[in-house]
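Just the one chain here, the form predicted on its own, laid out as structure tokens.
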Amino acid sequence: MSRRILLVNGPNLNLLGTREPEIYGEETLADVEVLVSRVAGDFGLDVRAVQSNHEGALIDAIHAAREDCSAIVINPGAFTHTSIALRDALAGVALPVAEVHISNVHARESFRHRSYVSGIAACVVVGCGVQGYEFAVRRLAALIAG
């Protein structure tokens, strides 16, 4: 079994730290990747990180995860609410998925209340800031360990 987690961050998450810091905080995407790698390392897991503003690039990365990953942590960004294709890719690779949202999407605009990913996710973490990524990795590590 692979000892790697795929970390997927969707559109606009490359702007973490500068985009609406009152909502998303001041940590950058690089900070998130360091956090996820550190926590995963505590469980003997490696991390491959991908961020894209392009749906197809994210789908390609998810498909590739079938070959060498045992789980996926994803913050789909706005694709959460719009992308059936992303949901189908996640379902198609048959790996445990943890969905993460830095802000509490349920306390925001109504269009953010629907997620195409949540229904297939092993866990969903919302509103915990970037610490939500840590929670997601810990949960996936427990699932991987059986």
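Everything numeric in this text was worked out from a predicted model, so none of it was measured. In this text, residue numbers run from 1 along the sequence as written.
What comes next is about the form predicted in complex with a small molecule, which is not displayed.
Peer 1: Can you pick out, from V93, V105, V50, I59, the residue that has a heavy atom within 4.5 Å of the small molecule in the model of the complex?
Peer 2: Result of the distance check: V105.
Peer 1: Would you point out which of 77-85, 28-36, 60-68, 41-49 contains residues with a non-hydrogen atom within 4.5 Å of the small molecule in the model of the complex?
Peer 2: Stretch 77-85 is the one.
Peer 1: Though only this chain appears here, would Q131 touch the small molecule in the model of the complex if you measure heavy atom gaps against 4.5 Å?
Peer 2: It does not: once the small molecule is placed as it appears in the model of the complex, Q131 has no heavy atom within 4.5 Å of it.
Peer 1: Heavy atom to heavy atom, is Y24 within 4.5 Å of the small molecule in the model of the complex?
Peer 2: Y24: yes, in contact with the small molecule in the model of the complex.
Peer 1: Please run the contact check for R19 against the small molecule in the model of the complex: heavy atoms, 4.5 angstroms, yes or no?
Peer 2: Result yes; R19 sits at the interface with the small molecule in the model of the complex.
Peer 1: Is A122 near the small molecule? Define near as a heavy atom within 4.5 Å, in the model of the complex.
Peer 2: No - in the model of the complex, heavy atoms of A122 and the small molecule never come within 4.5 Å of each other.
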